[in-house]
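Take a look at this single chain in structure tokens; it is the form predicted alone.
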Amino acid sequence: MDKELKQLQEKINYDKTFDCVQCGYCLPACPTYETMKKETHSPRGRINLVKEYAEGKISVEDLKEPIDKCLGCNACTVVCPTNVQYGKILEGAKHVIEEKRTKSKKEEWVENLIFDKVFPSRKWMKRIGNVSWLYQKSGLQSLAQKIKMTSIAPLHLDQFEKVLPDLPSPTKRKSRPKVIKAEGETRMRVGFFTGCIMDSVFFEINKKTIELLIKAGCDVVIPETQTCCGALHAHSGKVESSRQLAKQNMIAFEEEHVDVIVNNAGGCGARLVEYEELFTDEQWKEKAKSFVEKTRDVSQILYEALDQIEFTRPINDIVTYQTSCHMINVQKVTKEPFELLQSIPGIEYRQFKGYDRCCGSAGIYNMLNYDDAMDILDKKMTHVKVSRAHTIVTTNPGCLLQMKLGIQREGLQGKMRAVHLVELLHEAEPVSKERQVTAISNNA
């Protein structure tokens, strides 16, 4: 075997493709196979193409389209009887495809702007949030929609901007402190991973997350030097960029000496818990291991603190739950959101068919592969409607926007809403039991 082919096989995780016995258990679990009806768009089909490419039997062009169309939801890994590491094979393929791509100067400029300037920068993400606030509050959004100016936006952004939440003012963003003390006795010191999209577009959800955490007895620290989790970089084959972002985050949280690192975005959390796999160097691998061991989804922390808080406002509503595939398939966080939902007084929970399947968001998949993502979303919405739920709960920003879009596509505005789990918990007006007891004692 020549040296170049051997290097290619190492990068693409060729050795892991042999774990796949082509049994087909993955087919019913794969959303793209369900909607596209092609073997090349199934997990086993993609694995076979990776193997053929690594053996020099097909071109990178033959591999690119099926790999680009994969959601990366990892549902196939849950049902696989031979424990195929599909996620690693997929990332290896994306890495190789990215290396082999011939880019125009315009493409290079756009990618450098997005991946090297915008997403790693907290300042850039704040600016995006502030500009979006001005766009909404100045009346420009209403005008642009009225004269259909938004229809010329690339990547179907006109559809997504319709479902953006109301954004806070720049003053409100600046007023958030770096450290917020727990209500009552401190149970733990947590570092809050704010995320890029969460902090720019869903700032209010982050604010409510902090408020829930302090009621659960957590001192909350927000490291100022944290950055993008690196998920979008990894999903685009930019492995080294993802690794550098991981290093920055690990240092940022290590310096704060926190007990736990909390996130509220399924996709970000999935990347954070995979940091250890990015490193071979022992020093960084050890740092990554420590970071991963501390990383938790907010639902896990709140579930553990249910005996510390009490919900005082019943939510008399029919609720269903669209899981984040990265949260359940990668982070393995499954029961906590269900338990939290059912702890809210007044909730009638109804589970819909396919609640645990990808909604088609998958990072920026729904922008790059809009029509395919809408096919997946429309199929999901047919099952959601059967549940007759009034509220769809999600645990990831991409899923939240996608489900809001699904409601709009079905013409259900005003009859159905989509919210983050944190929003619904906050709506139930939780209070710290310890604070209640103190207040009663003082009154006595």
Partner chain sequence: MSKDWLNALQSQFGNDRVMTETKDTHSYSFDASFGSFVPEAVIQVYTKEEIVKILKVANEYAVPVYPRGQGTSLSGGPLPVKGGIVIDMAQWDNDLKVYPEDLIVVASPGVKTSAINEAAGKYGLMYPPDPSSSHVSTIGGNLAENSGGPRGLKYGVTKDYVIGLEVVTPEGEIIRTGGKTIKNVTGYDLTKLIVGSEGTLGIITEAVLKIIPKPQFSKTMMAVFDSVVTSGEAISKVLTSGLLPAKIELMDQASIEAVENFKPIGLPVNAEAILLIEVDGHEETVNEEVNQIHGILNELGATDVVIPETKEEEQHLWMARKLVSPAITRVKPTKVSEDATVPRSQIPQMIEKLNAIKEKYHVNLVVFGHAGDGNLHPNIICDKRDKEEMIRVEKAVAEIFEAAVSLGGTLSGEHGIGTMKAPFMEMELGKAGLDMMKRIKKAWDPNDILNPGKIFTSDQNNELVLSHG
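In this text the structure is predicted, and so the values were computed from the model without any measurement. Numbering follows the first chain given and starts at 1.
There is another form of this protein, the form predicted in complex with its partner chain, and it is not shown here; the text below is about that form.
task = Could you confirm whether Asp62 comes within 4.5 Å of its partner chain in the model of the complex, counting heavy atoms only?
result = Judged by the heavy-atom cut-off of 4.5 Å, Asp62 is in contact with its partner chain in the model of the complex.
Partner proximity in the model of the complex: Lys38 to its partner chain, non-hydrogen atom cutoff 4.5 Å = Yes - in the model of the complex, heavy atoms of Lys38 and its partner chain come within 4.5 Å of each other.
query = Counting only non-hydrogen atoms and a 4.5 angstroms cut-off, does Val386 reach its partner chain in the model of the complex?
reply = No, Val386 sits far enough from its partner chain in the model of the complex that none of its heavy atoms falls within 4.5 Å.
query = Could you tell me if Ile251 has a non-hydrogen atom within 4.5 Å of its partner chain in the model of the complex?
reply = Result no; Ile251 lies far from its partner chain in the model of the complex.
request  = Could you work out which of Leu49, Cys70, Leu405, Met416 is the residue within 4.5 angstroms of its partner chain in the model of the complex, going by heavy atoms?
outcome  = None of the others qualify; the residue that does is Leu49.
message = Using a 4.5 Å heavy atom cut-off, which residue among Leu306, Leu368, Val179, Val79 comes into contact with its partner chain in the model of the complex?
response = For this set of options, the contacting one is Val79.
inquiry  = Do any residues of 20-40 have a non-hydrogen atom within 4.5 angstroms of its partner chain in the model of the complex? If so, which ones, in sequence order?
reply    = In sequence order, Val21, Gln22, Cys23, Gly24, Tyr25, Leu27, Pro28, Tyr33, Lys37, Lys38, Glu39, Thr40 come within 4.5 Å of the partner.
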